[in-house]
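Quick heads-up: it's one chain on its own, the form predicted on its own, in structure tokens.
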Amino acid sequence: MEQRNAPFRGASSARRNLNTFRRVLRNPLTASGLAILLVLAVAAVFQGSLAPYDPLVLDLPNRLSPPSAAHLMGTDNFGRDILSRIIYGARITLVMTVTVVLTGSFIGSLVGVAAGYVGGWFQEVVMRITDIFMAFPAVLLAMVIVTALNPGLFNAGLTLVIVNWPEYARVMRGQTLSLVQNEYVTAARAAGAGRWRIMLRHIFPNCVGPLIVQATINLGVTALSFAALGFLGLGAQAPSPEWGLMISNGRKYFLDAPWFPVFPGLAIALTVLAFNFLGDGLRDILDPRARR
């Protein structure tokens, strides 16, 4: 009987996934966000083939050249092609943003589920620690931590993980408190399942929806924070083609060569908008009230 019903369950799951994908495409903002992210992902993966020039090669005779057929977005103060540097910077931004969000959500989820399930003094300690982290503005706290760790790409990512994990911990703790008294959790506990098995096999899978929404929304905030650290000189260091660092280097040439800081700024704005559109769409899709 179990084998007979398995294909029907598989078909039902595939049908639900197809309906979810259709709802995503029917939302114009979510579809546009996916399209922008797809373009950025292609640029990040095939940067060597798409970039017309080497992003690190200097060409001083052509420094601060305006946009032209040879350089579609102009050149910077060292004659480097801005379009090539933006294409190469897409990989840095996307990889670091996704890595930070995945790592922060993983750590925060484990801590939040454990706090909500164990309760008692452990929950109080975890919640007070998250309150301390969230009492400070995220960018200010990130600046303090990365300055103590020394500026750099890895330290900037580590800092954003440290700053962002409390948000996921609070979300998952609240979800766990709403699920811990459900019948299937009580039945698993009565059957002799251990704490970690109950948390990982019975509670965590039922909290994935809010976690995905929170992580997707935080992608845009993380990308913007990463660019802010680069702009302040606390993230990627020269000659890295990171977008925030490019804006920082081009701000002094804004009046004479506005294309230098404007195009990296547009790249950051489009990326953040794409992540925000995707997050809003997933929130509407995964929220039953919004579906009704």
Partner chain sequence: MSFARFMTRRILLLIPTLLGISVLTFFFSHVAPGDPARLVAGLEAPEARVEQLRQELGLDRPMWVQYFDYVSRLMRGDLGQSVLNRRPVADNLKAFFPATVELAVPAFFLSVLVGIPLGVLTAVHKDGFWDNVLRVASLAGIAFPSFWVGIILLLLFYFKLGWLPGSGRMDIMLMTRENVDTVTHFLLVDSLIAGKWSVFWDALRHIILPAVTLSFGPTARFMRFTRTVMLEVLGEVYIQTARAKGLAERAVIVRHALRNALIPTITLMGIAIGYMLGGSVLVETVFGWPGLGKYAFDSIILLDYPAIMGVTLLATVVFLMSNLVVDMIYVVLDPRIEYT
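Small disclaimer: the values here were computed from a predicted structure and weren't measured. Positions refer to the first chain, counted from 1.
The discussion below concerns the form predicted in complex with its partner chain, not included here.
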Inset, instruction - Indicate whether its partner chain has at least one heavy atom within 4.5 Å of a heavy atom of residue 63 in the model of the complex. - result: no
Legend entry - 4.5 Å heavy atom contact, residue 255 and its partner chain in the model of the complex: yes
Inset, instruction - With heavy atoms only and a cut-off of 4.5 Å, decide whether residue 128 touches its partner chain in the model of the complex. - result: yes
Inset, instruction - Give a yes or no for residue 99: in the model of the complex, does one of its heavy atoms lie within 4.5 Å of a heavy atom belonging to its partner chain? - result: no
Inset, instruction - Have a look at 118, 200, 107, 139 for me and say which one sits with a heavy atom within 4.5 Å of its partner chain in the model of the complex. - result: 139
Inset, instruction - Could you tell me which one of 238, 266, 45, 56 places a heavy atom within 4.5 Å of its partner chain in the model of the complex? - result: 266
Legend entry - Listed range touching its partner chain, judged in the model of the complex by heavy atoms within 4.5 Å, from 32-40, 64-72, 223-231, 47-55: 223-231
